[in-house]
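What follows is a single chain, given as structure tokens, in the form predicted alone.
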Amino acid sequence: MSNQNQLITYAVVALVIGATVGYLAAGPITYNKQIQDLQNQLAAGGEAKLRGSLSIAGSTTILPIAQECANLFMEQHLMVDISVAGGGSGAGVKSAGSGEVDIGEASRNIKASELLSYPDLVAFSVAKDSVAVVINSDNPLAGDLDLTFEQVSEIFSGEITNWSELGGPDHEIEVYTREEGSGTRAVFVDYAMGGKELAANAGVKPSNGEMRAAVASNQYGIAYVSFGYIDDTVSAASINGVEAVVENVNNGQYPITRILWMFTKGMPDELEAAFIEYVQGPEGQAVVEDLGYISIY
């Protein structure tokens, strides 16, 4: 085996070991050593000759990160082609586990049932995130809405149905939610619903972007989205008096946090490993922060 091939093999092994440990811990793990090792090894000769294609699909939460990182990666490696699609976290796990795509994405941890179906999945944390309840920026309560988890569960289960019950105008609250299989929905339900079912009449949207768009176009709408999708068209509610901002997630005051994952079927090959390393590395993490998410460091 040539020295170059040995270096690439070591890089892949280092990535997988670090990712496996991180997944078992299921927390905000930093892969500083593994990242640095791989950067050094690729710089020794592997990175310059990367070529081939990658297919990536899954969580719409991670979609903007993956797309921007793919664009930057392809600018550096002209013989690499990367396609990125959404589909939701459940689809990301399934498509990676079945080999339909090279890299899957999920904004929640792998379920036990999924591990039974796809036991050779290898997980890599690529960012941290949170979920915010958002309303239209022209809603009279925008900027001032402060909800308890009990109120959040009552709104999204259909027990609180009018904005006047929250100190707002006398108008029906129009609730939006995500589809089954959404990682954002799973995290929101776990943290905020307290065992209650989501309202049967809630409007179902297939992505974070469509959740935001629905609220942005409806003065009386309410939804939940990834922090990375908050912009000036919507207003994020505080939870238990804590503003929904990255700083409060990092200091532990905002009560919702999650890890964003990428997956490969078994050990990643050279190109898969190089791209995941890029997302985990300084340039990728700069993209994470620029898009409103939270670095894994």
Partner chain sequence: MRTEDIISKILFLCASFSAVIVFMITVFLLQEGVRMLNPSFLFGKTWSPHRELFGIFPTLVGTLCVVAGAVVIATAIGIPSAIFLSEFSPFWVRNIIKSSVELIVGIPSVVIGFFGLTVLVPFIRDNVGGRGESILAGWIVLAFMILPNLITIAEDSLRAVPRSYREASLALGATRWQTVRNVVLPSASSGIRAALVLGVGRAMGETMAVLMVVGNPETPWIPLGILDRVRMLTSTIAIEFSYAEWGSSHQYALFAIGVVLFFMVTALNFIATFVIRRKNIQ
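Positions refer to the first chain, counted from 1. Note that this is a predicted model, so its numbers are computed, not measured.
Keep in mind that the form predicted in complex with its partner chain is missing from the display, and what follows is about it.
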Stretch in contact, per heavy atom within 4.5 angstroms of its partner chain in the model of the complex, of 120-128, 146-154, 211-219, 162-170: 211-219
Answer yes or no: in the model of the complex, does its partner chain come within 4.5 Å of a heavy atom in every one of Asp190, Ala244 and Ile256? no
Taking 4.5 angstroms as the cut-off for heavy atoms, does Gly194 touch its partner chain in the model of the complex? no
Check whether Ala91 has any heavy atom within 4.5 Å of a heavy atom of its partner chain in the model of the complex, and answer yes or no. yes
Is Asn109 a contact residue for its partner chain in the model of the complex, using a 4.5 Å heavy atom cut-off? no
Using a 4.5 Å heavy atom cut-off, state whether Glu179 contacts its partner chain in the model of the complex. yes
In the model of the complex, which residues of 201-223 put a heavy atom within 4.5 Å of its partner chain? Asn201, Ala202, Gly203, Val204, Lys205, Pro206, Ser217, Asn218
